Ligand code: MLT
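Just the one chain here, laid out as structure tokens, in the form predicted alone.
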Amino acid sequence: MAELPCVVVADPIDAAALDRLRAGPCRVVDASADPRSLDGALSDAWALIVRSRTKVTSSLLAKAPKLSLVARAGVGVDNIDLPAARARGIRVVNAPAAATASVAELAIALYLLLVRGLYTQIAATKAGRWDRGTHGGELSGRTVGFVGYGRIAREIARRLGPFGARTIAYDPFVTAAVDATELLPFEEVLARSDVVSVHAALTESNRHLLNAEAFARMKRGAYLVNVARGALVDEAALASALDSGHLGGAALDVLEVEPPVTPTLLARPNVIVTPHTGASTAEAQRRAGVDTVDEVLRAVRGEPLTSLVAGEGGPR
């Protein structure tokens, strides 16, 4: 009898999903509790499941001579060396829809906190002040501009409809909108938006896409929200734009260095920072685990894959 393929779980996934994997036609090695045990498990790994903690570098891949599949239990794959995986013929899959609703809801919550000025009001009230003067505004009638018009931005646009907000977007890979969102050049999205909301995937070519020049193009008093990847935003330039009063505030669920090592932005009263929590709801984590495990089991059974990022039939 042929030996069952070995699936190594490098990072924690939902417990029910892990049980589902163990019930499949494979042998499971759970190295998630102790990252130091991962190296010893890689030599026999046929598939590897990761989240964001484990960096799938070329040196890690070299320790896994039998590896056929890397599965990312989440959306972003910037922690995986895709060229190195392709060079080895290793397929890479992700769970693209698992966190869509959770991230969309977080983004809208951040818009409301910024536009209404709620963050500073909450802090003032808890500090003993009772500031009841006119403060903030409505989301209704505002324009939200998406930098990146993928699954999450489209879900946000759908949810913004009842608020009466307009949506515009820049995405060089999209030629037609699926809703009332207007597709525009990058510079025009910056200039017309009351809230610029970042949803692009991180690549070497768009690092610091939101930089001093981009901030200067934005409306005076506009807000920046980033729930994508921290390195898309030049944090020093953002701090300058906030200090000058050109931007009214920012909300960041992601930072270039996590956790942050300098208080460049955290101390500002008009900046909201959350600890990369967009996909951290119980529902999103459950979906990420189940979707990833189901894809791994399809691979084990030799069935067609549904979320191929790299490898045979996948994007290049």
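From 1 onward, residues are counted along the sequence shown. Being a predicted model, the structure only gives us computed values, none of them experimental.
The form predicted together with this ligand exists for this protein as well; it is not shown, and the discussion that follows is about that form.
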Hey, in the predicted complex, is residue 52 touching this ligand, heavy atoms inside 4.5 Å? yes
Using the partner position in the predicted complex, report whether residue 75 sits within 4.5 Å of this ligand, counting heavy atoms only. yes
Flag residue 229 as yes or no: does it have a non-hydrogen atom within 4.5 angstroms of any non-hydrogen atom of this ligand in the predicted complex? yes
Should residue 250 be counted as a contact of this ligand in the predicted complex, where contact means heavy atoms within 4.5 Å? no
Checked 56, 64, 279, 69 for heavy atoms within 4.5 Å of this ligand in the predicted complex; positive is 279
Looking at 187-195, 120-128, 75-83, 156-164, which lies within 4.5 angstroms of this ligand in the predicted complex, counting heavy atoms? 75-83
